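This document opens with one chain alone, in structure tokens, the form predicted on its own.
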Amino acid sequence: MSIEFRRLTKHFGGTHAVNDLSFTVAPGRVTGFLGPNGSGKSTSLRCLTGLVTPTSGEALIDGQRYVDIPQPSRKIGAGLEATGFHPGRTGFNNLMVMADAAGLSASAVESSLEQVGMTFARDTKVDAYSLGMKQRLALAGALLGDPPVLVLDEPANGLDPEGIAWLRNFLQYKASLGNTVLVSSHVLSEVQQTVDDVVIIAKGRLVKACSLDELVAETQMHVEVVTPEAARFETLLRSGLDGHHPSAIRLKNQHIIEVEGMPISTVGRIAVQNSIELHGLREHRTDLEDVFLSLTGGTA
């Protein structure tokens, strides 16, 4: 089952939270829904799950609006708020309230708690839970109806490194079964080891939708050279070697040169052949986070 946003727009008075947003989330893959805080991610997901009515456009699950789906918990599981539980109730009781409302049994609650590794805290009151435990409980709530579509808003928030690794493996496993998984985050580095595809928005508008591999291809490799003879070496590099010339050279300061479009081995050979004293020579790739920030206007 796919998720489809069709020219989704949502205005709150004079605030344009989402503007003409269109993209599709494919089954069998984990899609990262990315953007800075305030970019419209949460509003978009709330429109998808029927919590907010769009100003125009629509968000569909398997071709249907959430409000038109009979027993929606069996088709889509949503974890949009990890702090919406009653603090005086146990984790099990909080999920039972959700299960009763959805017409599901206690066995569904037990199964969900087991899937997220929270059986040890089933009888503990939620006010004693850490934020990471609340995140797992929210995920358990999303899994109650064993839905083929999973939508999570910032699920890694509050998780320790072990919890993030567990979440990554869990989401990838769910996608491998053919499920549709949409995960929002405002930090690309947080999900880049998890997702297959990325959808990036800023100021409520789509700025990029592609596979993670395509986004990686936008990063740039350059060779950084540290030498006390930077000016002379720059001239030699521009002359090239064996017909190979750099695509760009930047003299960062009197000691550092950045070279694009030329292998580090060639840069090193030019230095050796011309007796250039080198204090440093290394390859450097632009970080994915830099690409993300450039697409979203440099904010996180």
Partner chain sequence: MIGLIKSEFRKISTTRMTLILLISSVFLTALYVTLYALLAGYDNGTGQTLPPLTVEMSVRMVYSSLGSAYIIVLVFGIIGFTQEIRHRTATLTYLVSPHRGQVIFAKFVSHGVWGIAFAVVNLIVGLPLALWLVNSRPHFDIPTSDIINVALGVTVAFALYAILGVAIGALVRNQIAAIVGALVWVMIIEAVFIAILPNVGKWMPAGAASSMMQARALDGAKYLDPFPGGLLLLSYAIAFAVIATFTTNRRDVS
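Positions refer to the first chain, counted from 1. What you see is a predicted model, and the numbers here were worked out from it, not measured in a lab.
Heads up, the form predicted together with its partner chain isn't pictured, but that's what we're talking about next.
Residue V97 is the only one of V97, V207, C210, V126 with a heavy atom lying within 4.5 Å of its partner chain in the predicted complex. Note on contacts: among Q64, T266, T49, N274, the single residue with a heavy atom within 4.5 Å of its partner chain in the predicted complex is T49.
Taking the partner from elsewhere, G84 is found to have a heavy atom lying within 4.5 Å of its partner chain in the predicted complex. Interface residue remark: V216 is not counted as part of the site for its partner chain in the predicted complex, having no heavy atom within 4.5 Å.
Its partner chain in the predicted complex comes within 4.5 Å of a heavy atom belonging to G88.
In the predicted complex, its partner chain sits beyond 4.5 Å of every heavy atom of L131.
Stretch-level contact check against its partner chain in the predicted complex with heavy atoms at 4.5 Å: of 234 to 242, 24 to 32, 41 to 49, 250 to 258, the positive one is 41 to 49.
Taking the partner from elsewhere, no residue among R168, Q193 and M221 has a non-hydrogen atom within 4.5 angstroms of its partner chain in the predicted complex.
In the predicted complex, the residues of 1 to 35 lying within 4.5 Å of its partner chain by at least one heavy atom are, in order, K10, F12.
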